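As structure tokens, one chain now follows by itself in the form predicted alone.
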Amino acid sequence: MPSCTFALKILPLVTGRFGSRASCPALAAVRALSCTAARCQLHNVKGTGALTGKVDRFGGVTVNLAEIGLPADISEKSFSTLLQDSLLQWKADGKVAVWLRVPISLSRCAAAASTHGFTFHHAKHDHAVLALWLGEGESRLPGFATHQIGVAGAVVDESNGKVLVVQDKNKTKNAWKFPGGLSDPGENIGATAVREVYEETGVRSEFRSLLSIRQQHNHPGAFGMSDMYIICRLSPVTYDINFCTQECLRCEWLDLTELAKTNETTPITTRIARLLLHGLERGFQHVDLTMEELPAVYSGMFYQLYHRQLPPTLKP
């Protein structure tokens, strides 16, 4: 019988037989065997006796417990021992932070990590991420994302000065607003506006520019976090309305002059209606923040930059 299994099997018998744990010589031997038991699970971990992870350019280490070959039944004590040895190695190597990605199936490892100073950073779907600052002074680790991004599309028909608006269903006030919703992870702002407009109204459109950004903190609809609400200008590709009756009470092409004056709307919608009227009268180059995609400093990646158009003489 393996020593680790033997220790676990005889422990209840020894404790019950001798009564007092503190004075039992046989129990001391059992404890030694239980320590062996805690370490015998670690022999199945890939590589050396320390956890392996990816080192980032800031001097931190990220360890994904789902990918390093931990035994599925590893105990909290065994993982604590392994983590302690790893922390000693990381500190000796001058690492400044450790990130632990812990799947739900190994949640007991999070409890073990907490005894070494780790705290929760965030959780998503099937895993949690814990963090520990090893550098000097107070922690300089960034906080998790704390905002939600809402995007609306103001679809303007420049031929007649009308804009597509909806009234949300199940609202205490049936105010006219631009169709929109939350941006999905990895989705560009313009794509969100086009998608949400089509899902709510049945009208297909194309992205033209960014018009405004509203920032609001402690938002009740964002679990008390901060909310960014972005309104884009879109041009219609189709005009027939087939709105979603589950989300919208009404949907119409409304004259911008009427939308700018009516009391059946919100302050932000009124302000954007006036901005769009100004664009129709003076030219949208005076109100648009156009988008240009540029290469990021990270190899192979790109970002979207929004700003007023530059004169041709200042363009690269």
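Keep in mind it's a predicted model, so treat the numbers as computed, not measured. Residue positions are given as counts along the sequence shown, with the first one as 1.
One more form of this protein, predicted in complex with another copy of the chain, exists but is not displayed; see below.
Just one listed stretch, out of 177-185, 200-208, 156-164, 77-85, contacts another copy of the chain in the predicted bound form at the 4.5 Å heavy atom level, and that stretch is 177-185. Among residues of the shown chain, I213 is one whose heavy atoms approach another copy of the chain to within 4.5 Å in the predicted bound form. Although the partner is absent here, T238 is not a contact residue: none of its heavy atoms lies within 4.5 angstroms of another copy of the chain in the predicted bound form.
The shortest heavy atom separation between L254 and another copy of the chain in the predicted bound form exceeds 4.5 Å. Although the partner is absent here, W90 sits far enough away that none of its heavy atoms falls within 4.5 Å of another copy of the chain in the predicted bound form. Contact residues in stretch 281-307 (any heavy atom within 4.5 Å of another copy of the chain, taken in the predicted bound form) are Q285, H286, V287, D288, L289, E292, L294, A296, V297, Y298, S299, M301, Y303, Q304, L305, Y306, H307.
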